[in-house]
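One chain comes next, on its own, written out as structure tokens in the form predicted alone.
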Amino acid sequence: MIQITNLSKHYGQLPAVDNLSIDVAAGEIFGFLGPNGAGKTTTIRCMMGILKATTGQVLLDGHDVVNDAQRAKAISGFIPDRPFIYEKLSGREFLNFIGKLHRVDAARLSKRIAELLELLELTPWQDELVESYSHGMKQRLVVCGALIHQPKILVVDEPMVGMDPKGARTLKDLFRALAQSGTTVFLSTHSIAVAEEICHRIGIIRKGRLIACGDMAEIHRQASANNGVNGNLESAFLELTREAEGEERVRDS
């Protein structure tokens, strides 16, 4: 469903993403982890056609995000790390606007807006201006907007920042339900606990390079190959990124 092949993005001589290849299946929740500055957001922006890759290709359900951008975007939803919302619209007006951009039929759109507002617990505030919403409410509204056209692929960059525990639980349950219905979820997050709880597979990126990929058991095997690491995903993540740092020091010496 998602095919990233030899993707690189350079800023001058700096490789923000370096020859990255990942395949994600339909109905899979794929967790994308890495330290600050690892290249996660750059990767996602290339996936969504916001940035043009230096080399490589991204296919969303077989549609090239550069050469077939309209179809690629039509079947995908995107929740950015810093969402932009027209704050002088009400929540319902904002969703109506997004739905029309996606050319959702009017009758279906009205029903879909009501369903999503109820699901994300925003119905009581649907006619209030977005500028009056809390950060967590705005984040939930952006989720509604990303799902308004029932996309086959949902790409998410740090969706739970600033959310209270109830809102975070609602999102995790939603991602699980979407995956069970066949939607592919590509989830970039700093929350290792969230990734461990809901993701089928994990990819770990550091300095633009994929340094580990697989299900939880495979990640632990890769982390413990040389050092006997046991325990949770956090331990494996720290060990893998530490090993990557050590390898870079050896190459540079």
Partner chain sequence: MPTILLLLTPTWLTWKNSFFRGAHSWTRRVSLVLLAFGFWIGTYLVLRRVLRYFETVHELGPALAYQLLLIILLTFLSMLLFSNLVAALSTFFLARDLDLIHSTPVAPSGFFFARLVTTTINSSWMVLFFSLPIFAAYGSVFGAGVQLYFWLALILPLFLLIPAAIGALVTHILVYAMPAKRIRDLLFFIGLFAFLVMYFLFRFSQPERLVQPESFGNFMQFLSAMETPSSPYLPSSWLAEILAGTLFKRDTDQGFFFALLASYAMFLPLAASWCSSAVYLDGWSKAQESRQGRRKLVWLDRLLDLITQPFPAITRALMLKDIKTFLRDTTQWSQLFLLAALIVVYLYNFKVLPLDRSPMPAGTIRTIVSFANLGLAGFVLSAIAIRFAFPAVSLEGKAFWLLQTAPISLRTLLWSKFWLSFVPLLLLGEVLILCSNLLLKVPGWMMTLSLITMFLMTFGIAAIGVGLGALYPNFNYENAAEIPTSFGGAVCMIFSIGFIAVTVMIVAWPIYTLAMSAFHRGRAFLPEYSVIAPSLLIVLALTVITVVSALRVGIKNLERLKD
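Numbering follows the first chain given and starts at 1. On a predicted model such as this, the values are computed, not experimentally measured, just so you know.
This next part talks about the form predicted in complex with the partner chain, which is not shown.
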* Give a yes or no for Glu128: in the model of the complex, does one of its heavy atoms lie within 4.5 Å of a heavy atom belonging to the partner chain? => yes
* Asked: If you check in the model of the complex, is His135 within 4.5 Å of the partner chain, heavy atoms only?
  -> no
* To do: Would you check, heavy atoms only and a 4.5 Å threshold, whether Gln150 touches the partner chain in the model of the complex?
  => no
* Using 4.5 Å between non-hydrogen atoms, is Ser110 touching the partner chain in the model of the complex? -> no
* the partner chain in the model of the complex: contacted by all of Lys166, Cys199 and Leu233, heavy atom 4.5 Å -> no
* Asked: in the model of the complex, which of 116-124, 150-158, 84-92, 166-174 comes within 4.5 Å of the partner chain (heavy atoms)?
  -> 84-92
* Asked: Pick from Val66, Ala26, Ile211, Met216: which residue has any heavy atom within 4.5 angstroms of the partner chain in the model of the complex?
  -> Val66
* For the stretch 102-118, which residues lie within 4.5 Å of the partner chain in the model of the complex by non-hydrogen atom distance? -> His102, Arg103
